[in-house]
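We begin with a single chain expressed as structure tokens, specifically the form predicted alone.
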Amino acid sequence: MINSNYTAQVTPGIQLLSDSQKEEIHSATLELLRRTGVKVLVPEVRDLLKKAGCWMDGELVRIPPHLIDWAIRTAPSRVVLCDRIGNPAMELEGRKGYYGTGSDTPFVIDAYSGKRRKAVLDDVGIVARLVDALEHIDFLMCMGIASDVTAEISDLYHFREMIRNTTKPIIYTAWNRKNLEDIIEMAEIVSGGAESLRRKPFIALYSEPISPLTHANDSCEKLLYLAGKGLPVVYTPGLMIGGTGPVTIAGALVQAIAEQLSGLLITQLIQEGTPVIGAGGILLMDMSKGLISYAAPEFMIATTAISEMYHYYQLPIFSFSGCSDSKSFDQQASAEGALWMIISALGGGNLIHDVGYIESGLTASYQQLVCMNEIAALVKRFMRGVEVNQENIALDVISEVGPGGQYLSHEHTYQNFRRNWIPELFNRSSNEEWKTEGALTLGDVASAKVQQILETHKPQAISKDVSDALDTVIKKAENRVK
């Protein structure tokens, strides 16, 4: 007998680490921080750590295990990012996954010529408009380093361009603390004040410790300022396996987690409850090329494993997806990007970035971005799993149709067929129909989609008063760096 009041549904997932392995990795991380410690280059942060009970040896700080355990308990397990309007947009907790672009690529593939060139400020706006229009891309990173504005404050120009071209949440970078202060001033203008931004944050800073085991001046200064305001920060390592970290995945995990958890401790000592998103990626250096590989299986394994550790800690997870080592939007880019999309979802990432990266993070591909939007829709459907209830088991329907019958004209089919996923870019037509429609490749269709969005989509505009106020902040910054 089927219980009509009961619905069962399981979210798919993968597991690389056993419970005992997670405990062993955590224990090794605590021992690394106790025995070896981390370098902290800013005296004000060292004073906080000393007052909390850390052992000091100049810039080297050794951390008692109980302080790390306290920081894990104190940091929020749930971080909510809003859209520019102030509506909740992403609940970063559990296994809820959201996809977004990567950040700060020096090159782009031009949307019309198809040529690789240096990024300019307009490209930051182009990516923002694409993200604003793409249903399954949930947040924005700037995806370009503008080569046509003042380099010292290009991050301010990036931020203004993103705000103008999307209402979706923004993960931003800042070149230094002073620029960060200007960016937060701009965000407070948009949000309606400091308290409104703190209560309804539509932004989160992306920052990194320096591997191995160093919290540098810029990183510490940014944490001091942002945690002092209680605003969200993504703080994850840029560790390279075999380069700036151990060549073994387990050793790299221990070092990367130590770098992050010591950073987490710093944020909580500055202000308890500061929202921090961690985990991130552990990149592989291809020893034969001397380059980072964004699609190496070891990168995928390590990223999945560190996500599991952050589930173990019950902390929000930054992850990778939709990226490739390919130099153009081709079969390799599609295959590597799609593999990343499903792995990051199965691994339980929350804030899943780098969608649209090619050339190992050096180049932004608009085609890759719109193609991965299609993959994100497919993956989100897969992650919904199988809903088991009386309606879906359809026992009465099967009995009504009976042996030798057909379901095409049955009311149950009519009521439910739209729940099945239908692609927008991928082609399911017959060979004859495909030829009649022009025998278009996925690259052709993706390019047309990019151009159609750029020519027709108009994001919700900010008011003239807000726009003028943002311009004023940038003008003051220009005068500062002259």
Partner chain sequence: MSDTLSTISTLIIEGKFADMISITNAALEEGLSADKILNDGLMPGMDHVGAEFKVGNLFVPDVLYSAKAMQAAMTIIRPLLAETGVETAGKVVLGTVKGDLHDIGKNLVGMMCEGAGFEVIDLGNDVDPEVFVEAVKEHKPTILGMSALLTTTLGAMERTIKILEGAGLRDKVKIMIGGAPVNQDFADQITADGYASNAATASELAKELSK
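Positions refer to the first chain, counted from 1. Just so it is clear, the structure is predicted and the values come from calculations on it, not from any experiment.
Just so it is clear, the following notes concern the form predicted in complex with the partner chain, a form of the same protein that is not shown.
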Heavy atoms within 4.5 Å of the partner chain in the model of the complex: which of the stretches 160 to 168, 298 to 306, 285 to 293, 197 to 205 has them?
285 to 293
Is there a heavy atom of G251 no more than 4.5 Å from a heavy atom of the partner chain in the model of the complex?
no
Does the partner chain get within 4.5 angstroms of any non-hydrogen atom of L362 in the model of the complex?
yes
Any chance I145 has a heavy atom within 4.5 Å of the partner chain in the model of the complex?
yes
Any chance W175 has a heavy atom within 4.5 Å of the partner chain in the model of the complex?
yes
By the heavy atom within 4.5 Å rule, which residue out of S103, S328, Q268, S154 makes contact with the partner chain in the model of the complex?
S154
Heavy atom within 4.5 Å of the partner chain in the model of the complex: which of G243, P88, G405, G192 fits that? Just give me the one.
G243
Run the contact test on F107, I210 and A216 with a 4.5 Å heavy atom cut-off to the partner chain in the model of the complex and return yes or no.
yes
